[in-house]
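Just the one chain here, the form predicted alone, laid out as structure tokens.
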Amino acid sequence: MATGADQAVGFGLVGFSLLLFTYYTIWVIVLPFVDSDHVIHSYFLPREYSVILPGIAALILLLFVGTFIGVITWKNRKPKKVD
């Protein structure tokens, strides 16, 4: 079983993910149908960032996954036998 601290961290991560997903969904799907002079537009970045920011996040994720795989592969390699 998970400890109370683990559960709190898990709930925090789920809450943050839900908040981020809701913000991005409103930004990308709902906001284009709202008038550009509406006050809600002041809470969101310009629309071109809705493509740039996830692209950068995906590149950073791929970098970390590739680095992790490289480090694990490097540590687990076996030295060659010399006969």
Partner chain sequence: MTKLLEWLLGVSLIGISWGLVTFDLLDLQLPPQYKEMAWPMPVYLLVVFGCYSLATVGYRVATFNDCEDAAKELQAQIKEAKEDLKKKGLKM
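Because the structure is a prediction, the values reported are computed rather than measured. Positions refer to the first chain, counted from 1.
In what follows, reference is made to the form predicted in complex with the partner chain, a form of this protein that is not presented.
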Although the partner chain is absent from this view, report whether H38 comes within 4.5 Å of it in the predicted bound form, heavy atoms only. no
Quick one: is I29 in contact with the partner chain in the predicted bound form, heavy atoms, 4.5 Å cut-off? yes
So, in the predicted bound form, is T3 in contact with the partner chain at a 4.5 angstroms heavy atom limit? yes
With heavy atoms only and a cut-off of 4.5 Å, decide whether F68 touches the partner chain in the predicted bound form. no
So which residues in 4-22, when you check the partner chain in the predicted bound form, have a heavy atom no farther than 4.5 Å from it? D6, Q7, G10, F11, L13, V14, F16, S17, L20, F21
